[in-house]
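A single chain, nothing else alongside it, follows as structure tokens in the form predicted alone.
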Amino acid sequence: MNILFEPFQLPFMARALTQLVILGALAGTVGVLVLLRRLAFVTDTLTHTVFPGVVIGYILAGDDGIFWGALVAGAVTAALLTLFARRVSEDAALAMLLTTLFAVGVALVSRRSGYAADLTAFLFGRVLTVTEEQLVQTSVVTVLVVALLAVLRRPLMLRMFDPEGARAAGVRVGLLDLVLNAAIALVVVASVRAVGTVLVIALLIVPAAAARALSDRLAVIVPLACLIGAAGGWLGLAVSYEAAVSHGLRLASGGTVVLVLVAMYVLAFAAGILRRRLARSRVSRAVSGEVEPA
């Protein structure tokens, strides 16, 4: 059990754990909406389109500018995505935004002498270098996103399960889509320093998918996704630390967290299959008991 607690006595590991627990809860909440709305490609697009903002922020203000550059890029992307999706097909809008803005980021970062190292850091993150300021920024983003989704939960649910009914009821579907896109963008912004623009998609999709495999009730899926996301961050950090300290095997913390999350999903998927089989067995026994002759 020491592996789960001993590493986090170090200040930098404690900060990394706090960041990933917060991100796990945030991404788990938003990820359920992403999963049920089938917006995984939208999420992938947003993780790439904030990249030029990350680069520009870093060029202008160093590490302190990354968050604000990503925030501006995320807001612009959410607005453009919502606008373009109403003019052309959603797939075409996503493809255009992803390729164009990501290419801009790559072109900008390639002008730096440490191109390869900078690109790796931007794409895969440096969770062990998280600062107190970044923890505050992530906490503020989490509070804002969760509060926004809580206020709009009823129209968001209606939009998710009955879009035509939502339009007939006078719900502004386009505005709700913009809100959800902005929430996804904020998760990406909050995660960019910890796990990078590429691996953040795993935090949004995998915990929600694992929770969905374990339950069919939305009231259970959301907190379960948050718990899985936070637990994956904790275990991933502990595994990467143990591998480096005890076995001399260097494992990237962000990548290890994602692998742990995927392993948790595999276990949840297997447990979900077992759960459904047991449920069908109980129903079959109940039906058989009802039709038995008196």
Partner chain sequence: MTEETTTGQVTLEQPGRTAALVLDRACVAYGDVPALEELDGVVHPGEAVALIGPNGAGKSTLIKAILGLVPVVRGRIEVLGTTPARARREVAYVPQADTLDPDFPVSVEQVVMMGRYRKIGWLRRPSAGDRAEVAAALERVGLAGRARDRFGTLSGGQRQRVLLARAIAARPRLLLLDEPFNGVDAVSQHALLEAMAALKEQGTAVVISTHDLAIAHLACEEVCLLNRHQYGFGPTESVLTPERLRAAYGGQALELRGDRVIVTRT
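Positions refer to the first chain, counted from 1. Because the structure is predicted, anything quoted here is derived from the model rather than measured.
Keep in mind the form predicted together with the partner chain is missing from the figure; the text below concerns it.
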{"property": "Residue among Val143, Ala168, Ala79, Val136 with a heavy atom within 4.5 Å of the partner chain in the predicted complex", "result": "Ala168"}
{"property": "Listed residue (Met96, Leu128, Ile205, Met160) with a non-hydrogen atom within 4.5 angstroms of the partner chain in the predicted complex", "result": "Met160"}
{"property": "Option from 151 to 159, 99 to 107, 70 to 78, 189 to 197 whose residues, in the predicted complex, bring a heavy atom within 4.5 Å of the partner chain", "result": "151 to 159"}
{"property": "Contact test in the predicted complex: Leu218 vs the partner chain, heavy atoms, 4.5 Å", "result": "yes"}
{"property": "is_contact(His247, the partner chain) in the predicted complex, heavy atom dist at most 4.5 Å", "result": "no"}
{"property": "Exercise: Met264 in contact with the partner chain in the predicted complex, heavy atom 4.5 Å", "result": "no"}
{"property": "Contact label in the predicted complex: Ala231 to the partner chain, heavy atom within 4.5 Å", "result": "no"}
{"property": "Stretch 16 to 43: residues contacting the partner chain in the predicted complex, 4.5 Å heavy atom cut-off", "result": "Leu36, Arg38"}
